[in-house]
Each structure stands twice: as C-alpha cells, then as structure tokens.
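One chain comes next, on its own, written as structure tokens: the form predicted on its own.
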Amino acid sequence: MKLILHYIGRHKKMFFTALFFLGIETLADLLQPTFMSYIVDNGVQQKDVGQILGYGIVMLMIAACGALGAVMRNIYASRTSQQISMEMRSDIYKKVLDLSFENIDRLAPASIITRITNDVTQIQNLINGTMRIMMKAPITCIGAIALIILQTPQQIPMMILILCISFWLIGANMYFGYPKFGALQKCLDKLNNVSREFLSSIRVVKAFGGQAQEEEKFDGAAQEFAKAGVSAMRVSAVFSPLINLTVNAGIVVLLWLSQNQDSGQIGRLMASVNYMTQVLFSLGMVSNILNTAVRAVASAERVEEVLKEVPAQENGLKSVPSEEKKAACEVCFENVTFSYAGASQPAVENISFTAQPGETIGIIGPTGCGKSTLINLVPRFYDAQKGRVLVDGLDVKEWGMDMLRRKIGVAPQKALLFTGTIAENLRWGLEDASMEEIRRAAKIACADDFIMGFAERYETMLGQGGVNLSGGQKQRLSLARALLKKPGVLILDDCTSALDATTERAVLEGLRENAADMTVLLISQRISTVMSADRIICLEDGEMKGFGNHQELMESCATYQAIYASQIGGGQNG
C-alpha cells in the first residue's frame, strides 16, 4: 500500500481536487432526501404549493451542483489515475533496463510483462475508484446514518447492529479474498508465459504440427486461471449478498417499527428509508472497492518486487579517459568460473586466456559446452562467480556499464531486429551515423547488395523481428549493426550460421580486411569458420581443452581433432 500512496503523493493536488468535487457531489446526494421530506411534511401535508415549489427549486439547484461536482470529479480522477499508471509503467520499464540478465531470469519475462500491464491496471482501477467511489461510499454511509438518527433517533440500536454485522462481513471478505487474488495474478503470469512462448515459436509449432499440444498447454493454463478467478470471485459472491441482506433487513425493521409513527411525519419516514437505501448502496460500494483494493494491493506487492529488485551487477565507477582509449582492446580471462542460478555444475570453469588487441580468437566446441556463456561475461550480461574478466587491463566490474558496452559490439546468435526501417535498425550501432558509414558497414557484412535490391533500399520497413527478411539477411544486418558501432571488441556469436558457405567466406574476408581496429571473439559450430582465426579456444563441458592456432590444435587437442574429422575429414593438416 505504501507504493500506491507514494505515487498518489506525486499528484496530491489533483487527487485532493478530485476529492473536493467528490465531497460536493456526495453532499448533494445526502441533502436530496431531507428536502424531499420537507416537501412531503410541510408542503403536501399542509397543501402549501409555495413550499412545494420552493423546496423543489432548491432540490434542482442541489442536483445541478451535484452534477457539476460529478463531472469535475470524473475529469480529475481519470487524469490522476492515468498519469500515475503511466509513471508506474515507465518506472518499472526503466528499472528492468537497469537489471542484469540474472535478475530478469529470476523474475521471468512473462511475469514482468504481466506486472507492467495487468498489475498496474489493477492499481490504476483502485486509484480511480478511490476518487470516484471509495471516498464517496464511507462519506455517504456516515452522512446517511447521521441523518437517519436525526430523522428517527429511536433507530440508533438497530443502526449499530446493522453496521457491526456489515463491517464484520466486509472484513471477512478482505481476509479470505486477499490470498486468492494474489494466486490469480500468478496464474495470469503462467498464461502469459504460455502465450508468449507459443507466439515466439509459432513457425516451429506449425512446421511440426504441434497445434494440438500447444492448444492443450494453453487450455491447461487458461483453466487454471479461470479456476483461480472463480475461487477469488466466489468470496465476494458469498459476502456481498449477505451485506445486502443485512441492510435490507434493517429497512424492513425500520418500516415495521414505524407503524405507529405520526402520519404528519411520513416525510421523515420516507427520508429514513431513502437514507437506508443509500447506506445499502454505500456498503455495497465499499465491498466492491475493497475487492478491487485487495487485488490492487496484491498487484502492488508484485510491482514493488520489481522496483525494489537489487541489480545483481553493480555499475562500476571507473572510466578510461578518451585520450587513453585504444581502438582495439585486450580481453583477458583469469581463472574464470560461472554457474547459472540453480545449475548443478558450472557452465564454464577455470578459463584463462588473453586476446591481444586486434587479434581474432575463434571459439568452438560441442553444443552446450559454454561458448555463448563465455562471451556473455565480457559485456557483463552475467558476472563470473570466480576469477576476473579484464578489458584493457581493467576488471569489467570496475568499468562504468555504459562505457564498457560502448566499447563492445555484439552480433548475437539469434538476429534481433526491430520494427522500423533498415537504416533505423542499423543506427542502433551508431545513432548519428551517416549514410556513407551505414553503407560501408553493410558492405563489409555483405548486406548492401540485397538492401539495394529493395524498392525503398535503406528506408525499407521491417516487420517485428525482421519477419519480412530471411534468416541470412537478418544475420548480415545484425553484423552490420555491430560493425557500425566501431567497437574495440567485436563479439560474433555464431552469427553466420544461416549463411551459405560462399556468403560466409565473403563476410569473413571482409572482417579480416577491416578488423585491424577490433579484437574479435568469433563463436561458430563450423570448424571452417574458425580455422583462419589467429588462435582458437576449444571448449568441452565448460572446460578449455585447447588454445592455439589451427595447426597447433590439430596436433595437441583431441576434442578439436574430433570436430575436424566429423566436419571435414580425417586429415591432420586440413
């Protein structure tokens, strides 16, 4: 709840302005039955048309003030709740940008999406409801009870009994509903995760005819969500009618006790019944808004969990002055060991090597041997648990995160592109790059030819994820984007796997000709891709089995020899 109050505090002027107009609206609602009783008792009973008209005009003026208050309250309530939800989503998004992969893995991307969308919506509904209903309900309830006592003071014991029963029912509603709404949001996380997984792999699902399996998986998650929703709503389904029954019983008792009331005070009886109806309406609103509050508080805890998440990586404070920066950087691993959270054994263990400035280091090994994990430690996507990773002689943990990543270019294994033009996607590498610089990077990556074949050329619009490009085209654009950055360290994570042999050879030749100002870490499953590297790291089961050039590894590393034999043939000299 502190989180919600914190965001309300940012906009307290608009919040309290909405409550001011809400007070006007509520006061108008409370005054109407009283003036109606005056019309009946003083006007109708005495057949005084003047009083009827006079009180009628007053009621119209009160109704007009109430309507104006309602309009202004709606305007300020909507504006405040929308502004708060926008800021909350923005704060969550900014926080996630600062978190490490380790934090994101633990929170789970699908859960983060639910918190940014559905959880914030629940909080928004509560804040909006507070300004529209929550404050009005207790004010109306208290005011109506006070006016009932003034109109018919003999009803005090009955009112106390009704209130005690109603508040007990409301409290029980909150007590039993809170954990159920928390469980509901977790089921929504699971449903979103299943949906996200299906949509991101829809081509594979269709290719293997797995629609029935995915449908079954989705139905299971949807049924769990539905069951959790039914369980949560069942609480209010039980308690809300009981509250209505309690107040309606009070109205019946009020009418029964007033059977001997003076007929000249029938207007007061009408007003009391009207106020009892307002009490019923108010308690119903309180019950409904508290259901919203229970769900919103559960959502606020989930949002707060993200906002209070402590990044697993601290941002270093040191930086290298610009005049000391080298175009190509030295990369050094000193006895590095890293394990993923919950893993039974290290992904990489006791790795030591040095990549000299301008050197190309090939990295090869069986699937799952830790190749991608190894290079993920350089830009600090993850931090090593043991040992050190150094860039230009400085531990990566001491670098300022932004400065470190400005020195590193990454072409990932899965080419990720964004909705926008080809030029906009490439400028992720260098925001103010000229078209000449863009085309030069694209030519090195062998992407310029196919780009110029499009009608709009570099202004060609790409769909989400580059859906209108082939896998090889996406990989070449991803490589061009990394090259445009002109990094000191270039990480190529199997980024030529979708290219044919001729295109890959052309790309690698272009890199060799233009990589003098870069230290290249080149991962590949193909031995033909890494053979020409200055030196090669051969990994197996997270351990470094060999480090040297192709000829040296062919003479000394059994793992490398086995890879060579399986891909090229049994010769020893390639």
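Quick note: we count residues from 1 along the sequence shown, nothing fancier. From a predicted model like this one, the values you see are computed outputs, not experimental measurements.
The same protein also exists as the form predicted in complex with a small molecule; that form is not shown, yet it is the one meant from here on.
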- [ ] Report the residue, out of Gly488, Gly177, Gly362, Gly370, that has at least one non-hydrogen atom within 4.5 angstroms of the small molecule in the model of the complex.
- [x] Gly370
Task: Selected contact from Asp105, Glu197, Glu424, Glu334, since only one has a non-hydrogen atom within 4.5 angstroms of the small molecule in the model of the complex - done: Asp105
Open item on the list: Taking 4.5 angstroms as the heavy atom distance cut-off, pick the stretch from 162-170, 461-469, 339-347, 138-146 that is near the small molecule in the model of the complex.
Closed with: 339-347
Task: Close approach of Tyr382 to the small molecule in the model of the complex, 4.5 Å, heavy atom - done: yes
- [ ] Answer with yes or no whether Pro366 is in contact with the small molecule in the model of the complex, where contact means some heavy atom within 4.5 Å.
- [x] yes
Open item on the list: Since only the chain is shown here, I'm wondering whether Gln413 would be in contact with the small molecule in the model of the complex (any heavy atom pair within 4.5 Å).
Closed with: yes
